[in-house]
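Next up: just one chain, as structure tokens, the form predicted on its own.
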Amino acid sequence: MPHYLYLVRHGEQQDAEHGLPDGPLSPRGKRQAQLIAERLSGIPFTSMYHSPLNRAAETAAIMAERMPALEPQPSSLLFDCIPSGPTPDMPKAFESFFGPVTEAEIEAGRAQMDDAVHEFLTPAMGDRHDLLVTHNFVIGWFVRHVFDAPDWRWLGLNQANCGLTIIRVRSAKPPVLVVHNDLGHLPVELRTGLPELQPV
């Protein structure tokens, strides 16, 4: 039976460059949410879940305006988090990222993502198309899991604001990454949230 996860990173946050932990969407973020909703409006979604944080909840609400049959549901499994800590095989270039991160944050993130993988990547009995509006590191962890990559490999798997990642969940075989960070619905000026410049 077809079972797909559609992972969308929230739209651009207002004043995110000033280090605010959460907040409303910027005007660009609202437009990004409208465009990803238009992109996905023909999918027969079974459910829609979102991180409870403001920027993800607002993204989901804007998307639901285009898809009125869906009722966005908050899920604590989709909170922004640190999915894992440093490991011996991790490249030293990533060590500085973990400087301000506490062991408690790492343990909480690891437990959250273990539960999230079990909840969302367990094969369904029937056709399912689940839409998840969440955060960059959460999506990176799902992609890492699909490839059974080392725990640290979510680092560097970046997704733009309102970029689209699709995973197919299968019962007899491992899950498949269908597409990662697809930005075809976003014009160049709305492709935000990535540390690297994107080719036009």
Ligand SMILES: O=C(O)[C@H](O)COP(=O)(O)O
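Note that the structure is a prediction, hence the values are computed from the model and not measured. Residue numbers run from 1 along the displayed sequence.
FYI, the form predicted together with this ligand isn't displayed, but the following is about it.
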Open or blocked, once this ligand is placed by superposing site C-alphas in the predicted complex (3+ ligand atoms within 2.4 Å of backbone or C-beta means blocked)
open
Answer key: of Arg31, His135, Arg39, Arg153, within 4.5 Å of this ligand in the predicted complex (heavy atoms) is His135
Looking at 42-50, 135-143, 60-68, 165-173, which stretch has residues with any non-hydrogen atom within 4.5 Å of this ligand in the predicted complex?
135-143
Would you classify Asp80 as touching this ligand in the predicted complex, given a 4.5 Å non-hydrogen atom cut-off?
yes
